[in-house]
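Below you will find one chain, with nothing else, as structure tokens; this is the form predicted alone, and questions on how it binds or moves follow later.
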């Protein structure tokens, strides 16, 4: 099946292009981006022009930041194309609901991807927890914004999500593996005095569940989820790449396919079935954090 990449930046070049190149389901037939391109692939700077020139491309994958994404997705759906959305699927919940309604009316597939859910050990963790009683769960997501978003000021502008840009990855795993849903009770959000989005956050949920996100970690990336049960403690390390039970590595027998290759397998399955997957539970938690969160002002941040 032919697919086009919309927005050719770091995430597209690092993850989407290799995943498509290694896929038996997809052929990268075009790109549309203001600045980026892929060697040997027809490149456009205007979406309308690309859609008109390539009626054979039935699916587009949107990799630009969340704020401009809605208009691009709406145009693609109106043109009868299936749409794959990089996380988060939109700048607001209302946008996401509107896109789902458009896709259902147009009879096309729509996929809100959560790449961390496709990490190698997430489904094994979900299976291990499905019949367990959860006594405590905690997410720790600490990394350097300078490392992962160098000079990208848009992450600190309205709609850029701040530390929730990486933190929502942890929330996407949490909402996938817990056998029962939780909801937010309180939050504390740390805003640099010169920025519009938070650089750190502490969240408290029902079910003795909590999360800590920080974009100021300069020493090492920490992407961990720990879940206590009467039958032992499960831990997902390195963003779901490793699984431990009571401190020992656990092999669930699943192949190490990788996050983005799995997403493109899932998208192919959705297109073949004419189906939609728009689970928004991670984004609901982020929205709730901004509604319930107490704001703290911290020192200015500059790249």
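Residue numbers count along the first chain shown, from 1. Predicted model, so just to flag it, every value in this text is computed and none were measured.
The same protein also has a form predicted together with another copy of the chain, omitted here; what follows describes it.
In summary, the region of this chain contacting another copy of the chain in the predicted bound form, judged by heavy atoms within 4.5 Å and restricted to 216 to 224, 136 to 144, 106 to 114, 175 to 183, corresponds to 175 to 183.
Between another copy of the chain and the residues 200, 91, 79, 129, the one pair within 4.5 Å by heavy atoms in the predicted bound form involves 91. Interface residue among 260, 44, 26, 70 relative to another copy of the chain in the predicted bound form, by the heavy atom within 4.5 Å criterion: 70. The candidate spot formed by 13, 149 and 154 is out of contact with another copy of the chain in the predicted bound form: none of the three has a heavy atom within 4.5 Å. With a 4.5 Å cutoff on heavy atoms, residue 100 does not count as touching another copy of the chain in the predicted bound form; it lies far away. By the criterion of a heavy atom within 4.5 Å, residue 17 is excluded from the residues contacting another copy of the chain in the predicted bound form. Another copy of the chain in the predicted bound form comes within 4.5 Å of a heavy atom belonging to residue 292. Heavy atoms of residue 228 never reach within 4.5 Å of another copy of the chain in the predicted bound form, leaving it off the interface. Contacts to another copy of the chain in the predicted bound form (heavy atom within 4.5 Å) from stretch 278 to 293: 283, 284, 285, 286, 287, 288, 290, 291, 292, 293.
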